[in-house]
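In structure tokens, one chain follows: the form predicted on its own.
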Amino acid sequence: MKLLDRSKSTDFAAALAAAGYRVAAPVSDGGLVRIKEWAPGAEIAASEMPLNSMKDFLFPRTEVIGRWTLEGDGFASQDVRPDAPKTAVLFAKPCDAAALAVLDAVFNWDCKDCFYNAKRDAAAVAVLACGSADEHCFCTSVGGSPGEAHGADLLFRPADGGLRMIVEPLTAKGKALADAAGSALSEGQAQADPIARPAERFDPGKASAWLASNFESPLWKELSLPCLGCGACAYACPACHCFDIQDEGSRSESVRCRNWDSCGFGLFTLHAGGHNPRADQSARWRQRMMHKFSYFPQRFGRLACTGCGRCARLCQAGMDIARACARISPRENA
């Protein structure tokens, strides 16, 4: 059995960096915890729920996908290749790893996105079984579990009262991580700690059924009334994937950029002629709910929500998608 002392988390990261990996991990950053590129001296907060998800490293907030330069009287296309360094994402949450199935489906649906797939192929994901669920977590309501390994290449299981972690490589990528860790890992025996499961807050099947027949329900205005349309929920979500494409340029060069977007923004569906089919925030918040629990399952056979709860934690208006789902699909034993 391979083991990692929790005090040696940074040694593990350092060994991978020395082996040529770009290491991403939850790092204390000005009093907050974010998943960011690890550098020597950075404190790893392995058990904390970071504000962002590892989506940032697979689907960047902005990315150049095309480039042209002025040559004579015309523009010449330049080769733009994906920026996809070999990456190790350490101590990801199970709910973040579960979102990879959502992103994989979207970016390989009607065409294969070479920029996403290059980053995905170059990334190895090490998940830490989650023992720190709070009142916002609801992975068990959407078919997940705090101890699952869906999407993971390597699984860390807390052991011996949190002092150590059992290291379980699950794929060839995960084995490569364990091999690269070298002396940061030890051999021995340990007792895995029990992982508490958050209580199920709603029935996703009932929620989807309600959504399918209540597009014009007056309840939408009540449910969406606090929404400010700030987009924080979409940007923090590990599964949200809306983007916009913009061209920017100068006299000698132009680039085409893909940027994160959100269906909660007022301009997201604004037509060039001035019409907006989602003219108010109620319609936009309804779209978010419908996409995650109705449209996406119909098309891809899975929910577009993994129950991480970041949307509720970050919402300054107190919006809670799990509470809304519970409202439209009350549990019989509640």
Partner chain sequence: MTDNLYQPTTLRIADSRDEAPDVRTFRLEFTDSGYRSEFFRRYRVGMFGLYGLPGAGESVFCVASPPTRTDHIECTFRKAGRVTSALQDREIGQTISFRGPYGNSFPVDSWKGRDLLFIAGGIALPPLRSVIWNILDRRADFGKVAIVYGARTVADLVYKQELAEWGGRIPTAYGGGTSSGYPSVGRLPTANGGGTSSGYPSVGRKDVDLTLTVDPGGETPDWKGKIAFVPTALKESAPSSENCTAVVCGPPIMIKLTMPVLRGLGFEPKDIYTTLENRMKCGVGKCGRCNAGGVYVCKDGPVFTLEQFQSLPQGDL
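No experiment lies behind these values; they were computed from the predicted model shown. Positions refer to the first chain, counted from 1.
One more form of this protein exists, namely the form predicted together with its partner chain; it is left out here, but the text below deals with it.
Asker: Exactly one of K206, R258, K173, R120 has a non-hydrogen atom within 4.5 Å of its partner chain in the predicted complex; which residue is it?
Answerer: None of the other options qualify; the answer is R258.
Asker: Just one of 178 to 186, 156 to 164, 100 to 108, 139 to 147 has heavy atoms within 4.5 Å of its partner chain in the predicted complex; which?
Answerer: In short, 100 to 108.
Asker: Using heavy atoms and a 4.5 Å limit, would one call W210 a contact residue for its partner chain in the predicted complex?
Answerer: Output for W210 is no: heavy atoms all beyond 4.5 Å of its partner chain.
Asker: Do L70 and its partner chain come within 4.5 Å of each other in the predicted complex, heavy atoms counted?
Answerer: Yes, L70 lies within 4.5 Å of its partner chain in the predicted complex.
Asker: Would you check, heavy atoms only and a 4.5 Å threshold, whether A192 touches its partner chain in the predicted complex?
Answerer: It does not: once its partner chain is placed as it appears in the predicted complex, A192 has no heavy atom within 4.5 Å of it.
Asker: Though only this chain appears here, would C242 touch its partner chain in the predicted complex if you measure heavy atom gaps against 4.5 Å?
Answerer: So C242 counts as contacting its partner chain.
Asker: Do any residues of 257 to 286 have a non-hydrogen atom within 4.5 angstroms of its partner chain in the predicted complex? If so, which ones, in sequence order?
Answerer: Going through 257 to 286 in order - heavy atoms within 4.5 Å of its partner chain in the predicted complex - the hits are R258, D261, L267, F268, T269, L270, H271, A272, H275, P277, R278, R286.
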